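Just the one chain here, the form predicted alone, laid out as structure tokens.
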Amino acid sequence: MIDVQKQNDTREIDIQKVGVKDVEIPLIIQRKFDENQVVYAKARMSVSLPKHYKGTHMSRFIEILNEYREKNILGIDIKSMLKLMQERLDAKSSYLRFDFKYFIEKEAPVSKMKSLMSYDCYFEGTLDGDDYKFYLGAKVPVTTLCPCSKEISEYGAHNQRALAKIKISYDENEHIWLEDLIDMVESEGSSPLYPLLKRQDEKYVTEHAYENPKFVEDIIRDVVLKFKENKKINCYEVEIEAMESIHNHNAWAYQKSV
């Protein structure tokens, strides 16, 4: 049969990324203190396309995913998947990302009751020739209590939920657990969030936040300091957005390593 994708294209335009996205697949995640966790994930896969090819072969992306799923190693060796994408699709560079919800058991601060907290996370890998980079990302919700509101009010202070979006990279011979990355960020809010709180827990969390007021600027600086102190981390991106409770806008801060 005619291979239309390999036919010559005369428009002289290289395409940086072409592929598939939102491919639903189970993903096996290694946990720090427990057995592996199987999560529902969405994959995005792409390769560079030289200007002389009309198109890429979309089915080959799905073939590669299924091969790794059948070997029961999906999500463990992203680098080898990227290499295989380059080989099968005759590409100079390849890209792979898995977005998934990761569950961590959290203990309430006073009652010690346990329940599951979900976090939106992702694994991301790029391979440009032989240059491999891996990124670990997560969205971590925290509580912020406004220092200004506390300072100027006779009693009380407004607080809100904030979302920290973080992305780090480290060498392939190193490892950072999702649990540790999430903890680095949670510990820098006015208070962490919990999926289950009894009355005594709610009292503790409210008072703890009041004693630990922070702007989004405070959180992002403290998170960046932690990332800089961690010798495993090569680069990072941090974004903090507070869903303001007394304003019709959000407070926002962003920092990226140089």
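Since the structure is predicted, the reported quantities are computational estimates derived from the model, not experimental observations. Numbering starts at 1 and follows the sequence shown.
Here the subject shifts to the form predicted in complex with another copy of the chain, a form of this protein not shown in this document.
Peer 1: Flag Asp130 as yes or no: does it have a non-hydrogen atom within 4.5 angstroms of any non-hydrogen atom of another copy of the chain in the predicted complex?
Peer 2: So Asp130 does not count as contacting another copy of the chain.
Peer 1: Arg161 near another copy of the chain in the predicted complex, any heavy atom under 4.5 Å?
Peer 2: Heavy-atom contact with another copy of the chain at 4.5 Å: present for Arg161.
Peer 1: Answer with yes or no whether Thr206 is in contact with another copy of the chain in the predicted complex, where contact means some heavy atom within 4.5 Å.
Peer 2: Within the cut-off, so yes.
Peer 1: Ser169 near another copy of the chain in the predicted complex, any heavy atom under 4.5 Å?
Peer 2: Contact with another copy of the chain, no.
Peer 1: What residues, if any, in 140-169 have a non-hydrogen atom within 4.5 angstroms of another copy of the chain in the predicted complex?
Peer 2: Residues within 4.5 Å: Pro141, Thr143, Cys146, Pro147, Cys148, Ser149, Glu151, Ile152, Ser153, Glu154, Tyr155, Gly156, Ala157, His158, Asn159, Gln160, Arg161, Lys165.
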